[in-house]
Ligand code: SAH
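Consider the single chain below, provided in structure tokens and representing the form predicted on its own.
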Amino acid sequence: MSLFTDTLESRLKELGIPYEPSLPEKCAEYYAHVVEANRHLNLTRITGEAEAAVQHFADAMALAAWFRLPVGSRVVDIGTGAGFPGVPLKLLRPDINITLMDASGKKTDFIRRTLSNMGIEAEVLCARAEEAARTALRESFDVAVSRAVAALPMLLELSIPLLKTGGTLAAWKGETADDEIASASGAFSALGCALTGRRPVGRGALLLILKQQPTPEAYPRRFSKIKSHPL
């Protein structure tokens, strides 16, 4: 046992999340790869064992405590970075079909190589979300997850077009969650989605957002437009 695995197990028990006995060690193995690669890739600022166990892994798996993720769901992690929150969710729920998406080839190469070495199947895609939503991936996912990618109005336009109608976006937000929700009213309306759940996670919140109708063809716009004129 280690500080990492002890901390992770303690937090998962607090959340009431059932897990396989091998899970903590698998998470520790992935964490070790992140720490090693972080020396030259700048993957994350969170590298301490206890801090990483909670913020990278347990906080990601907290979704399973509050949201029913159907068996075999198609899940996309938008702006996955070092693989969070998507990799911990895949380790917890091997049955889900996950796509880990990021615009950085160095990061996706790291994730692809590491998961292959660990024998974990996942699709790792180097792509921008707004461009992927103009391909066959548009409206093809049951669930989208994202953490620390963009303010909520921007994140909604990047993620909602990738979801099927009836799909859910799970967005991990920090201390500005309330302000972001207030600023996203135009995006909720334009993209046909609604906030259906809010749970405390660390100093922030996990937001659950339901896609209620097909995305209008006009969205997503080019990233420059999304950034300069958020909905």
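Keep in mind that this is a model prediction, so the values were computed, not measured. One-based numbering along the sequence shown.
Another form exists, predicted together with the ligand; not displayed. Remarks below refer to it.
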Can all three of E157, G192 and L231 be found with a heavy atom no more than 4.5 Å from the ligand in the predicted bound form? no
If you check L137, I96, A127, A151 against the ligand in the predicted bound form, which one has a heavy atom within 4.5 Å? A127
Picking from 87-95, 112-120, 68-76, 128-136, which part of the chain touches the ligand in the predicted bound form when contact means heavy atoms within 4.5 Å? 128-136
Within 4.5 Å, heavy atoms only: does Y19 come near the ligand in the predicted bound form? no
Close approach of H56 to the ligand in the predicted bound form, 4.5 Å, heavy atom: yes
Check Y219 for me: does it contact the ligand in the predicted bound form (non-hydrogen atoms, 4.5 angstroms)? no
Taking any heavy atom pair closer than or equal to 4.5 Å as contact, tell me whether P161 reaches the ligand in the predicted bound form. no
